[in-house]
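Consider the single chain below, provided in structure tokens and representing the form predicted alone.
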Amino acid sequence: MIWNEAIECADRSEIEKIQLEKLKKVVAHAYENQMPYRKKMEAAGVKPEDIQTLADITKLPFVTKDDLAENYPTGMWAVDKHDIVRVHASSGTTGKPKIAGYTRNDLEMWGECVARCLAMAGADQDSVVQVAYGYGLFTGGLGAHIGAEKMGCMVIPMSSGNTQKQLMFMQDMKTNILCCTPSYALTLAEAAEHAGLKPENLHLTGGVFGAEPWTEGMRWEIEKRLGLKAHDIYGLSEIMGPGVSASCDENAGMHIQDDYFYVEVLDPDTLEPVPDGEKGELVITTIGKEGMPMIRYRTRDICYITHEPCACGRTTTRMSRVFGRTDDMLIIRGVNVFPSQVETVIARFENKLTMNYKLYVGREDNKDTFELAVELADGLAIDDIKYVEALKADIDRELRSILGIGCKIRLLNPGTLPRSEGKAKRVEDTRNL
């Protein structure tokens, strides 16, 4: 099913005409109402009237996560606060979240984008969509929800967790579309098997999985164990949330919603455009958002794009899966984690911990593992079990308050971790995603 054939299958020239019209509009909107970006434009010597072609986008300055941090909490909003009807947030580098504000029109746009993604997974107005992403400031749950409602589906807002109840609703309500992280999909599959359920006992036909990196091997396993067709979905809270792009049945890349997002892929070093099919940093301009427009936002995600039409009939730009990042951000269990956030927590224990630490990220049974190894301050004994366990609990509590997830804490004697003569390697990620 194609939800909006008029745009998803439009001629490339028609798509670019729409993009240019919307680009001009959003640049003018940001210049007039988003003061931090106006200052960037003025510093670059560019004005809205300088944007006459899509190629002129290269004249515009970038927006980065640092701009969001410097203008926390609402400095990047481009409308009056009274016009903001929804707020979402994701982790930021400083411990403060990146806060995004949405107008009613923004939510309508979001619903349209996610509806298109659900259609790629086989959903239609008769579908029963079970949303097992978390609800709250995280965009996953409410993003999938608003798209399913836009389509006219029956939505089951389960949120994450409570696995046995998830399975009960899947059976009793005859859920056919599942939305969750790929790792949780495998958790559901495992629980179903333990309960003696086979794929044919469920009614699942399609799944929309995102918010964390996953492999083709995981895709194959999810499809086999749950008896559905697994689809990728991509998005960022600061851009919109899930629905920026998603994969169709061809599994030949994720279709970008070209009438709402203009994408570039740039060489991370020179910031010059690279040809279709060549990997680079994905840069996104929102050409439909009012509340917090993002112009040339550097996602730090590495991928490639193609403008070739897809065998499914869609003509929209397609992006590959994300191969990695150009910064130090990690995505663990669907949550953005920066080593600098961990350092902020460690610094709070200045008389108990040193700044010598290492993060270990791995995967066991298709689930992310996350461990912090950190050295005790001089004079503290690792064999004082009662003290050490209490300190671990305090560190875990602080990490959860900033990151939104916990991790295994391993305290070490001073001098245990290797020293580096250059830049310290703080992260060991063995997931090979």
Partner chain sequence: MFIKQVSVFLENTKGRLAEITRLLADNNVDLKAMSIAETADFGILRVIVEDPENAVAILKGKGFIASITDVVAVELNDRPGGFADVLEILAKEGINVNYVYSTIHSKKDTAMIVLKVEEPGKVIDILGANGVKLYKATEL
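Residue numbers count along the first chain shown, from 1. What you see is a predicted model, and the numbers here were worked out from it, not measured in a lab.
The next section is about a form of this same protein that is not shown, the form predicted together with its partner chain.
- With its partner chain omitted here, the record of contacts in the predicted complex names 385-393 of 26-34, 54-62, 39-47, 385-393, defined by a heavy atom within 4.5 Å.
- The listed set 405, 69, 380, 373 contains one residue whose heavy atoms approach its partner chain in the predicted complex to within 4.5 Å, identified as 380.
- In the predicted complex, residue 412 approaches its partner chain with a heavy atom inside 4.5 Å.
- Put simply, residue 407 and residue 299 spread apart in the predicted complex: their C-alpha atoms are 3 Å or more farther than in the form shown.
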